[in-house]
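The chain below stands alone and is given as structure tokens, in the form predicted alone.
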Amino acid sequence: MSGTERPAGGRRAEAGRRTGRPGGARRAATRTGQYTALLAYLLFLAFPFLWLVSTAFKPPRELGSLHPTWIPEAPTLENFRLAFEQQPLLAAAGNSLLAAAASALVAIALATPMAYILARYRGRLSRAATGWVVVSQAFPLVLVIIPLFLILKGLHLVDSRTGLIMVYVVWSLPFALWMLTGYVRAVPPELEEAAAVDGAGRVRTLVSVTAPLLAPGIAATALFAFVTAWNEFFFALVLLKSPEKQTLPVVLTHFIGTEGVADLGPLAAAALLATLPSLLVFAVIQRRITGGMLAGAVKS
């Protein structure tokens, strides 16, 4: 390096001294602003959940107060007892668990081989499937519910758990396919080629080499499909009529009277219990979901 040449960092520092605003101070200010904006966004997102938790533990006197507080002055579990007495929450949770678990298993069983084919054998079919994924995610639910109801009625699957599971499978399949395609593309084909060179057959390669590498992605996708079906409300409301078959999100609406007046305390307690499984699952899989989305986004 000649005497007239300087490193880039030295030039930036010299420029900072000339302008009176060192680069380190500017970066620190930028970083502080970013963290402040991120904290404000997190508080905005967390506000409904924090208020729900606060309401679930408040006695009726505090719920009707004109000056609500964040922290209950006299915390109580009475709202949880009333919620279980007024509505069949355990039976509804069982229906939600059945629909969510069955739809997740079927969706994964269908999406895994489809994702492998789309990732390894690219062509018109792969591009058409990608377009189907995008269109399906942008299609409004209200436009498909009437033809969907007529189709299920013709198959005698209205007011049926089997019909609801089929709807959940179809609804979660595009996103599961997109996530799994990203995971498959992240597995180097050279590993499968090396296994073939060592004498492994196609099935042995898929079972012993590819499947173990895809296991985290399959688990994350299955949990995401589970949470999607667990929280789903609209299809269950329209397709299920028998009270003993209704899922948990539909049963939560029963805490609201015919005049629109909500039994706020038990409703908040029941909603909090219904939310906890989703939060726990997302706390476990959020890193893998992000990884799957990024893999699907950056791989060509």
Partner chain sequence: MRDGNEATAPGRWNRRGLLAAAAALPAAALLPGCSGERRRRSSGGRITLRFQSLAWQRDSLKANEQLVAEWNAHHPDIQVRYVQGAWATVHDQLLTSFEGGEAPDIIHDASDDLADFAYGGDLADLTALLPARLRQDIPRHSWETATFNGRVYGVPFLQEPRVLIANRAKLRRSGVRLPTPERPWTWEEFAEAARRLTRGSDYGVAWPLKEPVSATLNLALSTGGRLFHRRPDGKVEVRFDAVDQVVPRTIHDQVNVDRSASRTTLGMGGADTLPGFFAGRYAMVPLGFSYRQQIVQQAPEGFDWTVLPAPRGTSTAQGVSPQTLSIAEDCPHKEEAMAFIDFLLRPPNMVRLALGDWLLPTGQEALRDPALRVAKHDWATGTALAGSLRSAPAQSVRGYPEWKDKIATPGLQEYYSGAIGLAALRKRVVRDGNLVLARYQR
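These numbers were taken from a predicted model, which means no experiment stands behind them. Positions refer to the first chain, counted from 1. C-alpha atoms forming the largest set that superposes within 1.5 Å between two forms make up the rigid core.
In what follows, reference is made to the form predicted in complex with its partner chain, a form of this protein that is not presented.
Among residues of the shown chain, residue 136 is not one whose heavy atoms approach its partner chain to within 4.5 Å in the predicted complex. Using a 4.5 angstroms threshold between heavy atoms, residue 189 counts as touching its partner chain in the predicted complex. The closest non-hydrogen atom of residue 275 lies beyond 4.5 Å of its partner chain in the predicted complex. Contact check for residue 95: no non-hydrogen atom falls within 4.5 Å of its partner chain in the predicted complex.
Across the options 37 to 45, 24 to 32, 50 to 58, 245 to 253, residues that bring heavy atoms within 4.5 Å of its partner chain in the predicted complex belong to 245 to 253.
Of all the residues from 127 to 162, those having a non-hydrogen atom no more than 4.5 Å from its partner chain in the predicted complex are 145, 146, 149, 150, 153, 155, 156, 157, 158, 160, 161, 162. Put the two forms on the same core and the Cα of residue 243 is off by less than 2 Å between the shown form and the other one. The rigid-core alignment places the CA of residue 51 2 Å or more apart between the shown form and the other one. Positional change of residue 231 between the shown form and the other one stays under 2 Å at the C-alpha, relative to the superposed core.
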